[in-house]
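First structure 1, then structure 2: two forms of the same chain, each alone, as structure tokens.
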Structure 1
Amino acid sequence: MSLTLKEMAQISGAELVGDESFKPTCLCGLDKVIHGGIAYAAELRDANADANKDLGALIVPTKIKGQDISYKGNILYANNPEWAFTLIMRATTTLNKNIKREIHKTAVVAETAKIGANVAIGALSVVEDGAEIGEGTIIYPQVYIGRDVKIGKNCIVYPKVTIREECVLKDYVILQPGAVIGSDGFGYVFINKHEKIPQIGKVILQDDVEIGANTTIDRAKMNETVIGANTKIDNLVQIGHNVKIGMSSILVSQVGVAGSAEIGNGVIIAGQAGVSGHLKVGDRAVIGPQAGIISALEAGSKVMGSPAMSYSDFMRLQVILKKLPEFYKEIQALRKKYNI
């Protein structure tokens, strides 16, 4: 690594007590300390681990300043060590930094497409008629950008992403490989057989949205499917047509949200949970892994189970279910004793 501790302190807003000119050998975690590396400790007890002695530098919380730490090397004090470390990671990573800002000669870009300054379009990508790509956006190889798609500034679109016609990405959106934006919603009307209903709406991904690998987001039947600003969606998630998701929500891998559901702001949906269609999930609701949401949830709800119940009811039920076999024996004893 080429940064000194002084530079790392500046980048991360941390206070350095130690050798300003020292250059850590690498970034590492406390679970796998590497000689001369820099790591962070979220708490005092993490800072005190014996294995830390090999580190070149350690970021610790400012709040423990003055307390005795067994680690005797270079220390950086930060209000939030994880965040300080993240800022150093961002400054030092090479990911996405050496991408040539050019349209690769094998990309197939329509003449009517509008490409902003400082854009990269990778090999064998396709940009259809009327598409727009904003300044500073990186399109990796083998991406498909459909007719009249609008992509904002400073987005990153990884290989094999498909964005179908008319969909919209605002600024700073990241799409992991294989994500599909704007596939047809699942809509049919039964007239002797299932007859397809055209899905003529689109998808809008607001600023700073990230979409995971091979996740699918269906276009609306009419109007829009919307993912709100700063919402983060993991891999292999399914978002049905006309779903609306608010800001800064988290959807973990393999979650499914059925058509026309409305998810609020700051909601957390854990892995493999499902939300039925046409439901509202209030702001800051927390939905447990594998939960099945079949009725609306109020703001701040915390639920688990399939069908879902409140977290406290779920926990109480688990305790009783464990006792149920014993409980059953007691009932049988009662029946026998009282001859019922």
Structure 2
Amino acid sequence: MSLTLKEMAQISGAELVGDESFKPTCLCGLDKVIHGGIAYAAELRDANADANKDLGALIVPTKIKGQDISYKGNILYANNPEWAFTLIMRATTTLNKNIKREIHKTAVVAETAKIGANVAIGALSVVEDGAEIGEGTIIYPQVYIGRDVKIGKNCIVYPKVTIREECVLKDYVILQPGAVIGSDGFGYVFINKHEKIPQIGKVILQDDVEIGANTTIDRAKMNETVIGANTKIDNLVQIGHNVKIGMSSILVSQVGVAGSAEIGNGVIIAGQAGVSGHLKVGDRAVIGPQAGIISALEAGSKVMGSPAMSYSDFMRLQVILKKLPEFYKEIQALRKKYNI
């Protein structure tokens, strides 16, 4: 690593107690300490682990300053050690920084496409007529960008991504490998057989959205499917047509959101949960893993189970379920006693 602890302290806003000129050998975690590396501890007990003696530096919470810490090496005090460590990671990682900003000779870019400054387009990628790619965006190999797609500045589109016609990516969007943006919505009408309804809308991903690997976001039947700014969607998630998701929400792996559902701001949906179509989930709601949402949720709701119920009701039910074998035996004994 090229940064000194003084530079790391400046980048992270941490207070350094130790050798300003020391350069840690690497970033590491406390689960696998590497000699001379730098790690962070969220709590005092983590800072006092025996293995820490091999570290070159340790980031610890400012709140424990003045307390007895067994680690005697270089220390950086930070209000949020994980965030301080993250800022150092951002400054030292070479991911995406060393990519040549050029159009690869095997890429196919339509003459009518508009390519901004400092853009990279990787091998075998295709950019169709009317597409626009903003300044500083990186398109990895084997990406398909459809007709009239608009991509903002400083986006990252990893391999095997498909962005279909007329979809819009604002600035700083990240699409992980295999994501599909703008696939047809699942719309059919039964006239003697299932007849396909054309899906003529599009998808809009607002600023700072990240979409996980092999996640699919369907285009709207008409108008737009919209993912709000700073929302993060994990791998293997299905978002149906005409869905609206607000700002800074989190959707974990294998979540499914059916068509025309509305998800508010700051919502958390845990793994394998499902939201039925045309429902509204209020701001800051928390939906537990494998929950089934079949009715609207008010802002701040916390639910689990399928069908979903309040978290408190769900936990009480779990206690009762554990006692069911005992209840069953008692009922059988009563039936036998009274010949019922």
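Numbering for residues begins at 1 and runs along the sequence of structure 1. If you superpose the two forms and keep the largest set of C-alpha atoms that fall within 1.5 Å, you have the rigid core. Note that this is a predicted model, so its numbers are computed, not measured.
Only one is the form predicted together with another copy of the chain; which?
-> Structure 1, which is the form predicted together with another copy of the chain, differs in this respect from structure 2.
So, does L321 move by 2 Å or more at the CA between structure 1 and structure 2, with the core held fixed?
-> No, L321 moves less than 2 Å.
Once the two forms are fitted on their core, CA shift of Q332 between structure 1 and structure 2 in Å | Taking the core as reference, the C-alpha of Q332 is shifted 3.1 Å.
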